[in-house]
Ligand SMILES: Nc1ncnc2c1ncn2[C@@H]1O[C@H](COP(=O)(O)OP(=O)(O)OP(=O)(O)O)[C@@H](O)[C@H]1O
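The chain below stands alone and is given as structure tokens, in the form predicted on its own.
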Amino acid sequence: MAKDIFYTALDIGTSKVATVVAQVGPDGELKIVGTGLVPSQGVVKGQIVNVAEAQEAVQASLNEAQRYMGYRIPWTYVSIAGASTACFNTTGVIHADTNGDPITGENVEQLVQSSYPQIPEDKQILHVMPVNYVVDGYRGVRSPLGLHAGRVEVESHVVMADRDAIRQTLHAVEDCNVPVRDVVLSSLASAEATLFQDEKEMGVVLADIGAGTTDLAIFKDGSLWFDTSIPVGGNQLTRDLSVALGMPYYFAEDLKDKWGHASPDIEQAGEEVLLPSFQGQSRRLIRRSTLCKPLIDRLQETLGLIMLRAQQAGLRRLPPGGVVLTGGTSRIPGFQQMATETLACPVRVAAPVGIRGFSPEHNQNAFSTVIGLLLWGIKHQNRSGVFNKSRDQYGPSRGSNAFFQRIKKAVKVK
């Protein structure tokens, strides 16, 4: 790989806009060479509601990242939240040549293309990903490449998004004179940075709990099987606390960060917290358990919604791989313990680690999506059908898998 090839990822979230520029070393190590982190604006629950305001935040984030690099960012990968997306599975079929030749990559490409669905005019396809194949009636084939067969079927997972949501995202970025190379489902990107392959094989639920939404991605047999978004996130916790304590949002956010706990023990619950004065009211002391109660109630509700969405997806029980929590809200102390007890399954809190050049304060759960975007972009750097404004859909994901495996060995997750 060329020495000076850089990859850029841009995550436009409810509370922050994060830009990360990285270079891949000869041994597959991922080195961050530029970062830009600014407060978000014009975004509500992961959706751009004011393009001009969102563009201003995007430009500030890009400028900050470019300051470290010394030159303009040439292009970027961008995430899109699940609130504007929908998923379903579809099938395709081809009849291979009858002259005895094995199935080729071109045949597989044609097969996947045959699974592309018809969609409404106000929607646009983001991803079409093969889940499994049926070769001459034999199910469970991971890849038909090189096999001899007469009839080959594919089941593909399709992710589509609102066309207007994609257009708004593109305008917010490309009006800053930075072309968008591809748009990626945010939960799919987070999975690249946080999930182990054996978790995907066993089956696992990834819950990325951000400021405005909780994005879910369910994997079965190594492939994305279902994805959705719940309109609840860390902002709701802060608002609940603000109402309960009768104080402004920014005071509540500070108290949540300093004293919030999802499973306080007896000693912690009995601690006293000094509330700041507000509008002439004197400062007062409350028990930590009183402060934590609205947070605990909202977190338990969020876990219940995760269970409900998994059931609506067709799961009778949570998969053997359990639940992996990421996103900024997953860092609340005691949340893993609460989730384990509530969901009655293995629970892991995950963040990308082992990435060179990423400052410790940035190397947190809140940056799983933007780091995953980098990994996704590297993995799919050669994929066909790269996004273009004049097209109505994306091509199937194809990537340089051998190269990506070197990256995954160098970039560990916990």
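Sequential numbering from 1, following the sequence displayed. Remember, predicted model here, so these are calculated numbers, not experimental data.
A second form of this protein, the form predicted in complex with the named molecule, is not displayed here; the remarks below concern that form.
S.K.: Which residue, 341, 257, 267, 106, is the contact with the named molecule in the predicted complex, using a 4.5 Å heavy atom cutoff?
M.R.: Comparing distances to the named molecule in the predicted complex, the residue within 4.5 Å is 257.
S.K.: Which residue, 199, 153, 253, 182, has a heavy atom that falls within 4.5 Å of the named molecule in the predicted complex?
M.R.: Here the answer is residue option 253.
S.K.: Applying a 4.5 Å heavy atom distance criterion, does residue 366 contact the named molecule in the predicted complex?
M.R.: Yes, residue 366 lies within 4.5 Å of the named molecule in the predicted complex.
S.K.: Does any heavy atom of residue 14 come within 4.5 Å of a heavy atom of the named molecule in the predicted complex?
M.R.: Contact check for residue 14: yes, within 4.5 Å of the named molecule in the predicted complex.
S.K.: Quick one: is residue 46 in contact with the named molecule in the predicted complex, heavy atoms, 4.5 Å cut-off?
M.R.: Residue-level check for residue 46: yes, a contact with the named molecule.
S.K.: Taking 4.5 angstroms as the cut-off for heavy atoms, does residue 329 touch the named molecule in the predicted complex?
M.R.: Answer yes; at least one heavy atom of residue 329 falls within 4.5 Å of the named molecule in the predicted complex.
S.K.: Thinking of the named molecule in the predicted complex, which stretch from 116 to 124, 157 to 165, 313 to 321, 203 to 211 has heavy atoms inside 4.5 Å of it?
M.R.: Partner-contacting stretch among the options: 203 to 211.
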